[in-house]
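Just one chain follows, in the form predicted on its own, and it is written as structure tokens.
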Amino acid sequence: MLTFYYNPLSPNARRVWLTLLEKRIDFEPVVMKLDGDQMQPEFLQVNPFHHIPAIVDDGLRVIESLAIMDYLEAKYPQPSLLPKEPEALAKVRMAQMLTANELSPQIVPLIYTSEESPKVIQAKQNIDQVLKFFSELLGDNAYIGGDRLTLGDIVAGNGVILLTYLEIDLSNYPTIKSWCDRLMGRESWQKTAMSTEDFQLFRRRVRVLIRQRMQSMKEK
């Protein structure tokens, strides 16, 4: 059986968790507390970079969330979460890459920096641009690329819904708001959703990691 190493607070791990649930793949969950267990020799044999998520399937280890999702789609093709039409596939990939490269980096200033900071103002402007582009990708479709859930929805939706915990008002983006409501109506999304308490734990962990990184840079 596939083994899934994750922590429910991790947005990247949640991408894989959602994919496993949507594809109805049986798996053995291994919850990593991230207080040192990711540095244990057993896990380092799975991922020497000590990050989650990671999976082991039929003896094959796969790390990095997007790579894991592509592997699951190829190994377990039904139900399909990738469209075959070139235009729809391009939209899915754009949604994934824009989330990784443009949206996710904006979350850190919102968590760590004061509301009046120029970094926060710039982050919100960048988020606005991404959300408007996602609205264009969706158009009149229920999901990114068509009328069926895709990997693009999982990656982008997971990132956008996280913004709601940071007081980003999606009512200004009606297409996005309806899409998020549609996602949250799915059983897998309800099962993996963060509570307010979970988000506060996530926020504290991000702040600790940022302080540690800043201290490390000073020491260098």
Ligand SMILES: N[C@@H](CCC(=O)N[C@@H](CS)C(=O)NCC(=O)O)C(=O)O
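Residue indices: 1-based, along the sequence shown. From a predicted model like this one, the values you see are computed outputs, not experimental measurements.
Unshown form predicted together with the ligand; subsequent notes refer to it.
A.B. asks: Determine which one of 148-156, 181-189, 32-40, 167-175 lies within 4.5 Å of the ligand in the predicted bound form, judging by heavy atom distances; exactly one does.
C.D. replies: Stretch with heavy atoms near the partner: 32-40.
A.B. asks: If you check in the predicted bound form, is Glu64 within 4.5 Å of the ligand, heavy atoms only?
C.D. replies: Answer yes; at least one heavy atom of Glu64 falls within 4.5 Å of the ligand in the predicted bound form.
A.B. asks: With the cut-off set at 4.5 Å between non-hydrogen atoms, does Ile55 touch the ligand in the predicted bound form?
C.D. replies: Contact check for Ile55: no, nothing within 4.5 Å of the ligand in the predicted bound form.
A.B. asks: Any residue of 82-96 with a heavy atom within 4.5 Å of the ligand in the predicted bound form counts; write them all down in order.
C.D. replies: The stretch does not touch the partner at all.
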